[in-house]
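Listed next as structure tokens is one chain, alone, in the form predicted alone.
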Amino acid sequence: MIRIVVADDHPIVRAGLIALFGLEDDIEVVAEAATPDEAVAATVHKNPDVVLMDLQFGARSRATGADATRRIRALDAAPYVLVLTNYDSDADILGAVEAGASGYLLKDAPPHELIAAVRAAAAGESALAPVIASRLLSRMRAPQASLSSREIEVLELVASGRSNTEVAGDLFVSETTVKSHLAHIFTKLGVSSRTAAVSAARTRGILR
């Protein structure tokens, strides 16, 4: 029996997933969670095989699904984490994979694909939606145009209207370091300003 925790801030989504898995003889939902903290707590207490994790948990939660994934994967005898989300930007995908997610699906995936992904994750296999797999492959084939996770982090803060000084404070680095990251970002994206960098990153799907 594959024991899973369903973590999503929308009650209707959780109910739908629980109903879907209830039709499968080999899958049992042992807990549900509405916040990243609840997801970690449920994992600790229920010891599931797989945690189905959303990435964004609404304005009330400062933590993200990637944060919870990182904490869960750091546990002893950690379960596998399968991300199920609406978001397919490079920033989201990279953040989840680097946090330790073994699979990444979009919420418009057909039910049979989701069920197969849960079984694959439980078996220790990677489960990536085709669009996600192709995005990661294209990043590997064109590394000169791909931003590091820290560069994406800097650019996300810039996109939210933060100044270099504020970005430095948020990331606990010097303003010189922020300027260095921006210089690398400009070079990789072929732009010469912060505004152009944000625009180019959104056009390429690097930022949401």
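Think of the rigid core as the biggest set of C-alphas that the two forms share within 1.5 Å after superposition. It should be emphasised that the depicted structure is a prediction, and the values quoted were computed from it without experimental measurement. Sequential numbering from 1, following the sequence displayed.
The next section is about a form of this same protein that is not shown, the form predicted in complex with a further copy of the same chain.
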- Item | Listed residue that, although a further copy of the same chain is not shown, lies within 4.5 Å of it in the model of the complex (heavy atoms), from 81, 96, 84, 117 | 84
- According to a 4.5 angstroms non-hydrogen atom cut-off, is residue 193 in contact with a further copy of the same chain in the model of the complex? yes
- Task: Mark residue 111 yes when one of its heavy atoms lies within 4.5 Å of a heavy atom of a further copy of the same chain in the model of the complex, and no otherwise.
- Result: yes
- Are any of the heavy atoms in residue 3 no more than 4.5 Å from a heavy atom of a further copy of the same chain in the model of the complex? no
- Query: Is there a non-hydrogen atom of residue 42 within 4.5 angstroms of a non-hydrogen atom of a further copy of the same chain in the model of the complex?
  - Reply: no
- Message: Only one of 151 to 159, 63 to 71, 174 to 182, 25 to 33 has heavy atoms within 4.5 Å of a further copy of the same chain in the model of the complex; I'd like to know which.
- Response: 151 to 159
- Large Cα shift (2 Å or above) at residue 35 between the shown form and the other one, core-fitted: no
- After the core is matched up, is the C-alpha of residue 46 off by 2 Å or more between the shown form and the other one? no
